[in-house]
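Single chain ahead, by itself, as structure tokens, in the form predicted alone.
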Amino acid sequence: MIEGSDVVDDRTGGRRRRRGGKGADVRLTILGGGGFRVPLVYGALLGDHGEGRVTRVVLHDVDDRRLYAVARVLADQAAGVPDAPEVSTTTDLDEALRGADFVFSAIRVGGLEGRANDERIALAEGVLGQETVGAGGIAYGLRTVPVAVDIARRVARLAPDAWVINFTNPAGLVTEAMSRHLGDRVIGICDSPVGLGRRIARVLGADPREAWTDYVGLNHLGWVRGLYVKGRDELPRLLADPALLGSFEEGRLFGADWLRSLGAVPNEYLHYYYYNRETVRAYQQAGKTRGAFLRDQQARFYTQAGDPATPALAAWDRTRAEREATYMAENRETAGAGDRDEEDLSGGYEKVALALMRAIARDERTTLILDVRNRSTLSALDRDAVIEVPCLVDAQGAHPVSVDPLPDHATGLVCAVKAVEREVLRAAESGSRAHAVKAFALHPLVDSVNAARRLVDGYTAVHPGLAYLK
């Protein structure tokens, strides 16, 4: 079959255009298209000039003002690029999905005001309120899952051949919710494991493109257990050298002694677990939570970018630089880790997304760390549990690579957090307040059933999106 030709769709009997061929029109729909990080994705697309590249981008958002501001940034980015992907905007979800080859789900239910409330209510109860970890992550998941499930059902009906790439946090939980309707055609991505592997390779003097990162866990709950260069595991050399351990972000964040005790390098988000007491105290003492900071910062950006007299791309660049430099600032301060390295201020998830699309659209086989259904990868979890592991990616999607079992301490934490995610899914499906309380109470970072009940009361009082819990 010649790529780019019409092929019969076995399910409909109709004809559709094969992706990836010469002259093919590849359409990408971005849900949450007015989001602040959308220009990162478009910037990556502008650098792709090969066959099968994305030629049309549809931005969908519920907020016209945000769409207008981001569209102005993208127009500035595209200036002088003759083959820049065409951009259109819409507030009609069904219109956005029809005809899509790829769908990026990057929504934020409740906006940044919702995130600020998630953090505030948790910290008042003395527990962590981070948007993907602990009480804040549960609250975010409870109001996001019903919306994500509706999107998945619409995709299955309106764009059954589309691949959904999920950016929406909590990424593993949301991907699992959507996979119940889309199967393996939804894949979650995160830049944290990629950035971690890149930093370790860089410290060891290896080319990240030639290194194999043995990484396994859940989204924002994983460990690098080996870094292989030409078949040799170089991680022991890193763990044995205090100077090397102190030369990169996670080494400073967790401390050399603890990394040697673990025999692995954790994802940065595990700092919330391993140093929970110190982190909660630092967040309580901060003048403003991360969500409140981003809410106020981005409000200024959208006001500036919505003004036709303001250079939109310049305003976005300034805002992004400040955003990246202050990422996890409280954690770094607690650990005495100092400022972020300049190499880590340039984003990364958009590169993972582009590599994933290329692999599927062009059958350019590659290996990426992704959020996919477990199948038989981790024996402690069932086949449908979404995990975060290296995957071989080709035109048929992402295939998790077989990995060694996790050590007991990591298995226990992964199983506990997966149990919490399952209670969130049950609560979202049934509308049961009891399941929501159970999700909070079972989380390792929430230390009381009574606290769990108060958290549910607090969150339902401020989030209209949780009115379904009865």
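So that there is no doubt, residue numbering starts at 1 and follows the sequence shown. Given the structure is predicted, the values throughout are model-derived calculations rather than measurements.
One more form of this protein exists, namely the form predicted together with 6-O-phosphono-alpha-D-glucopyranose; it is left out here, but the text below deals with it.
Proximity of Arg199 to 6-O-phosphono-alpha-D-glucopyranose in the predicted complex, heavy atoms at 4.5 Å:
No, Arg199 sits far enough from 6-O-phosphono-alpha-D-glucopyranose in the predicted complex that none of its heavy atoms falls within 4.5 Å.
Distance check, Leu294 to 6-O-phosphono-alpha-D-glucopyranose in the predicted complex, heavy atom within 4.5 Å
Yes, contact at 4.5 Å.
Does 6-O-phosphono-alpha-D-glucopyranose come within 4.5 Å of any heavy atom of Arg290 in the predicted complex?
Heavy-atom contact with 6-O-phosphono-alpha-D-glucopyranose at 4.5 Å: present for Arg290.
Answer for Arg323 alone: is it within 4.5 Å of 6-O-phosphono-alpha-D-glucopyranose in the predicted complex, judged on heavy atom distances?
Yes, Arg323 lies within 4.5 Å of 6-O-phosphono-alpha-D-glucopyranose in the predicted complex.
Region of this chain that lies against 6-O-phosphono-alpha-D-glucopyranose in the predicted complex, out of 253-261, 151-159, 183-191, 83-91 [heavy atom, 4.5 Å]
Of the options, only 183-191 has residues within 4.5 Å of the partner.
Among the candidate residues Trp163, Tyr275, Tyr269, Phe248, which is the single one with a non-hydrogen atom no more than 4.5 Å from 6-O-phosphono-alpha-D-glucopyranose in the predicted complex?
In short, Tyr269.
Could you check which residue among Thr213, Thr377, Gln304, Asn169 gets a heavy atom within 4.5 Å of 6-O-phosphono-alpha-D-glucopyranose in the predicted complex?
Flagged contact: Asn169.
Stretch 129-157: residues contacting 6-O-phosphono-alpha-D-glucopyranose in the predicted complex, 4.5 Å heavy atom cut-off:
Just Glu131.
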